[in-house]
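Structure 1 and structure 2, given next as C-alpha cells, are two forms of the same protein chain, each shown alone.
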Structure 1
C-alpha cells in the first residue's frame, strides 16, 4: 500500500542510498501524518540508523544543521532533506531542552520519544506504515494524544503543551481527555519556556486559520506568563480569525486585541516579551497603540497623512489592529492597500520637485524645508498634482502668499 505516499524523487534517492549502504532509513513524523491526511507535505524528514558522520560521508552536498541532535541536511538539487539519526532524549533538567540525546540503533525507540501518536509514525521500504502507538487510529478519531504518559511527556518538555494546541488548531483535531488533563496539570511549566519557542508556536496557531482555538486553551493559563493577570480579561477570540496573514500586521492585531482585553500594561511589552525582532515589534506595537488611541481615517487623504507622519509599516499595523478590534471582515487594511496601490507620494523625498529645484527658483535655508512641507501637504490631499509643472505653479501661489 504505497499508494498514498508520493515521495519526491530526491527523497526516494536519499532513502535508497542510505538503505543500499546498510542503514535502515524511514520518512518519519509530520510527512507521514500529512500524507495519510491527504495534506500537502512540506518537509520530508528522514530518520535513519546512520550516524551523522556516516550520512555526511554518503552524500556530496550536506549541511551540518543540527549535528549535536543528530541532524544533517542533505541537499539534492533544490531539495533539502533533514536526515536525523534515531535518537532518544536524556533528562530535561530545565524543562526546555534535552540535556543530551543518545543515538540508538532502532526506529521504535526514536518513534517513542516523539510527542504525539499522529507524529510518531514512519514509512517502511514497502510503503507500509510503521505505527506502534496507534497514530492512524487517532488520525481517524481526529485527536491529539501523547505518546506514553502525558504528564511525564509534558514534564520533559513543556513546549509540547503549545505543540498540542498548534496541531489541534492546524489539523482541526480535538485533544484526547488524558492528554488534556495532563495539560491542565502541567500548564505552569510553560512559564519556563524560552519566549522565542512559544512565539514560534503562537505564530503558527495564528496562521492556522483556527486561531480561535486559543479560546479553548486560555483557561489553562498558557498565555499567562506573557500577560499581566487580569480578572476581567476577555480576549475577543472570534476576532482572532480575522487577523491578517502577514506577520507584522498579524502581530499588531493581536497586540491590540490583548490590550483591549485589558490584560496588558501595553502592547509593546507583549511583543517584546515574545522577543520578536524590532522590525516587527516597533511598527506593530505603535500601530496597535495608534488604533486604540484614535479613530482610524475614513478617507484616502487621512491614510496618506498617517503614512507620511508615521511610516507605511506603522500605518499598516494600525489598520490591522483596527480590523482586529472591529472584528468581521477586514476593511481598514484593504482601504489602506487601495490607497497605496498607485504608489502615492508620502514624503518630501518623493516630491517631483526637489530641494535643488527650490534653490534654483531662489529659495534658501529654512524656506526650502517650509516649502517642501507645504507642497507635501498639498500632494497628500491631491496626489495627482505631484508633477514638476504642477508643483512649480503651486509654488508660485505659495510664494506670493507667504515666504
Structure 2
C-alpha cells in the first residue's frame, strides 16, 4: 500500500488559501483512499471548517453545487474541487436524505458520519493520514467495513448497501462479517430507493470488471424490488466481464441472465424500471430478448441480416447477451465485430446505387423501394457486389426476371 503522492497544484492552492485564511482544510474521502492504494485519483474533495459563504468569498470562480449540504465547487482552470464544510447529519426519515445538516468545527465529527472506514480518512498538512476509524488497516486487510454500527449506517441511507457492493467490486475487497450481516438484515430497505440511484450503482459495478461480485450479493435481496422472482441459485455473472465496455452490452448480458434464471418476465420492462436512457434500454432489452428467443447467427450473412433488420446496437447487444448466456470465451461478439470490420452495407442508404440512380433508369415510386430491398438482400449475401456497376448489372437481371 502506497503512501499519499503529491497533491495536484490546484488542490494545494485551495488548501493553502483556506488555511492561510484561518480555516482548517483537508483532502478527505475517496481521494485519500485511492492515494494510499496507489490508484489514480479522479476527484479531489476537500473538507474544511469554512462555511459555504466563506468559501465562496475566498475564490473567484465557484459553483453552488450543494449549498444545503455545505458543498461549493471551486474552479481553478480545468480543475474542479468540491469543498465541503465539516458537518454532522441528523435523522433519515425517508431512509435517503438527512433530515438536518449541522455544520461543525471539527474534522473528526465529519469523518464519523461517513459510510465506510476506507472513505473516512483525511490527509493532514504535513502529509499524515488522519484515520480515526481504522481505514488504513482495512485497506491492508482488503475489506469494506462500516463506520460505527453498520445497521445504523444502512438505515440512514439504503444506497449504502449498493455502495458496499460497488466498492467491493471496484477494489477487489471482501465485505467484513458484521457489515455483511447488516446488509442481509437491511436488504428490504432497498425498496425505498429511486430506480435511478440503483441503476447508477449497478452500472458502475457492471463496468468495474468485477460484476461477478453481484452473484454473491443478489441472494441477499438487494435487487428484489425490481425482480419478479428472487434468484434461487448463483447466476454465472462472471461472464459479464468478457463483454464490451459499452453500457448497453453489459445491461443486455445482465438482463438475459436474470431472465433465463426466471427472475424477470421481460428484459425491456426491467431495464425501463431502472430508468435507464432510451439509447441504452431499447437495444439492451430487445437484444437480450432476441438472444433468448432464437439461435444467434452462425454465418456472416446472418449477422449482416440481423444488423440490417434490427440495427447494429441491438445486434451487438444480442451478441453480448448470447456470450453471457453461453459462458466461456466470447464467440458471438468477436464474430459480429469481424463482420462489421470492413464496413459492410447494412441498409438501402449504404447501397452504391441510390434512389436517384434508380429514378434515372426509369423506376418510380414503389418500384424504387422494391428494387432497393432486393439489391440490399443481394449485397447482404455478397457484400463485394456493392458497387455501381455490379448493382446496375444486377438491376437489369432483376428487371428481366420481372418481365
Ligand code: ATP
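None of the values given here were measured: they were computed from a predicted structure. Numbering follows the first chain given and starts at 1. For the two forms, the rigid core is made up of the largest set of C-alpha atoms that agree within 1.5 Å on superposition.
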Between structures 1 and 2, the form predicted together with adenosine-5'-triphosphate is number 1
Once everything's superposed on the core, is residue 62 shifted 2 Å or more at the Cα between the two structures? yes
CA of residue 77, rigid core aligned, shift of 2 Å or more between the two structures: yes
Under a superposition restricted to the rigid core, does residue 387 display a Cα displacement of 2 angstroms or more between the two structures? no
Residue 51: how large is its C-alpha shift between the two structures, with the rigid core as the superposition reference, in Å? 2.5
